[in-house]
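Okay, so here's just one chain, in structure tokens, the form predicted alone.
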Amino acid sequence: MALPTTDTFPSLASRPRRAVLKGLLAVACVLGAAGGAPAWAADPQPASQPVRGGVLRFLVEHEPSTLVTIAHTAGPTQRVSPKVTEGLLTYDLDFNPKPALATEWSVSPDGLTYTFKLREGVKWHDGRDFTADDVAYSIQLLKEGHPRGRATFASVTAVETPDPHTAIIRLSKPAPYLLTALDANESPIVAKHIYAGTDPLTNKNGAAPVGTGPFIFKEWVRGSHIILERNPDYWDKGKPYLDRIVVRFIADQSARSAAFEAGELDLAGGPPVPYADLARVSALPGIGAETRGYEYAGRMTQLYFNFERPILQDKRVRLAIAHAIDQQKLLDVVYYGYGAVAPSVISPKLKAFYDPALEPYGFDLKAANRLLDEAGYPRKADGTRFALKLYANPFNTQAAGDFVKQALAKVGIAVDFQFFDFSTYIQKTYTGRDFDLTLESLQNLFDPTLGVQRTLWSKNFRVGLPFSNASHYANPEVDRLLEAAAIEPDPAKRRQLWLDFQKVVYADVAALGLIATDGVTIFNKKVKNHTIGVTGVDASFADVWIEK
């Protein structure tokens, strides 16, 4: 997720910052070629092979509440957990699964049995052997208590362990998304001997984790930092390359920019600095920017309607709102060009499921005004037609809400935009339901069954459940398509179900996808291999090394 920000609403005349960034980077390249290269680039033949040693100063913007994702999905925890606690698989930049704690895997033709051969010779950091019992126990924990694991592993009927290095997952119905859900930050494998008989939410392992990963937990000084040290007995011999990771917490965005400018940080994801600072920070000598590595999260900014409000049950009103919002300008002005316009509720970056035939509804104030007139909401003497209350998830920018407010004002909709802290937003939106529109920041994740279904499936409406069907949207055809896609094992048939779903949702104007936002990693160019898979800086860092 994008980080909360207190950005003020930028001028509509502002130049898109992506263009500025490209320009600054081009200038930096020219300066380098002309002999003005920064000191870090003085070596004309930088090492091409990984080298051992060094301390990585890694920023995690907000301090985690726990260091293991076994019962938690918060972003700061996902940054730290995989360095210590691993998963069965990892994924490259094309979502291809790669071995981690599992070395081989197979799926039965009926999609009901997954067999994993586990890596032998792996030790927990306390010296105990890693076995299939740990896998079976972890999957049970995820099924029972993990916010997304409850859906991912809902159809698991048993995890058999015929020998210490084989785990067989039995399902009651196919789960075609399962093989993409086994990354360390999504489905961590924890030690049974540490968790058995305890509450995973309060287990001491959350504050001082024991894992199988490339780094061993050393210390957590609350309010300051975490230290992770190289695991000398890591199963991937020769790795990790780093001696130590120092995880720092800096909540204030401006302070993060200053820390990069002062050379106090080596690596951070997010973006870690305000969008307004990205071009300047990225163009600093020795600093680079990377937008890959966020595919697993599938970031989106969406506008949801509260279908309990009679005025929003009128499709003409919803379509008018869609026509009133210039999505390209929203992308350029609020997100400084970091992202893509999203015509659908499925991100265009989720290519296996996205319908490229869909186009944005289109910025058309004339059509919006006509639709509102036809719906029976003419302008009053003060120029307004009616009022709506807008909330925004603070993991979006406040500027995005301001943009929507200004856009709707142009067609006579008076928007009362209220921007809260995160906990207040959750309570008011999902428990109080005291909103007409909400600008959400929900991730599509790696598969729409887990990331999208929750928001538009009628059976997932539940007062008080965060990130569920806040709209209280209900369409039997949408339900049918969602439920069919969730269990369809044939990839081609499943894709078609998702295309059909998008067409129905689009025609119904059930929600507006708006923007598929980019994540941005800022890094010292001496730091290598920080983005080699779809989880980016949420990965283990076993391959990260620092150029001497």
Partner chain sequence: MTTRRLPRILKAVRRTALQAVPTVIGILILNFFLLRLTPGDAADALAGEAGAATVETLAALKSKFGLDLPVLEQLGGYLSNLAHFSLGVSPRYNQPVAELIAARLPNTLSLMGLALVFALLIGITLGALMASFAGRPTDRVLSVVALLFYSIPSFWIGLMLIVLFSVKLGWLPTGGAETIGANLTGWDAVLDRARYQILPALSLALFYVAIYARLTRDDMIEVRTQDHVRTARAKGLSPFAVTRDHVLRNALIPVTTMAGIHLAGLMGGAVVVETVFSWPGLGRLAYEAVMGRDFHVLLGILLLSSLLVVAVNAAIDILQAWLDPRIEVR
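Positions refer to the first chain, counted from 1. Treat the numbers as computed from the prediction; the structure is a model and nothing was measured.
As for the form predicted in complex with the partner chain, it is not shown, yet the points below apply to it.
This chain lacks the partner; the member of His225, Lys329, Lys410, His193 within 4.5 angstroms of the partner chain in the predicted complex by a non-hydrogen atom is His225.
The partner is absent here; in the predicted complex, the one residue of Asp199, Glu374, Glu120, Glu477 having a heavy atom within 4.5 Å of the partner chain is Asp199. Stretch-level contact check against the partner chain in the predicted complex with heavy atoms at 4.5 Å: of 127 to 135, 81 to 89, 105 to 113, 199 to 207, the positive one is 199 to 207. The shortest heavy atom separation between Pro466 and the partner chain in the predicted complex is within 4.5 Å. In the predicted complex, Ala74 approaches the partner chain with a heavy atom inside 4.5 Å. In the predicted complex, the partner chain stays beyond 4.5 Å of every heavy atom belonging to Glu483. Contact annotation for Gly286: none of its heavy atoms lies within 4.5 Å of the partner chain in the predicted complex. Contact annotation for the candidate site: Gly145, Arg150 and Asp421 all lie close to the partner chain in the predicted complex (heavy atom within 4.5 Å). If you take 242 to 276 and check each residue for a heavy atom within 4.5 Å of the partner chain in the predicted complex, you get Arg244, Val246, Arg248, Phe249, Ile250, Ala251, Asp252, Ser254, Ala255, Ala258, Ala259, Glu261, Ala262, Glu264, in sequence order.
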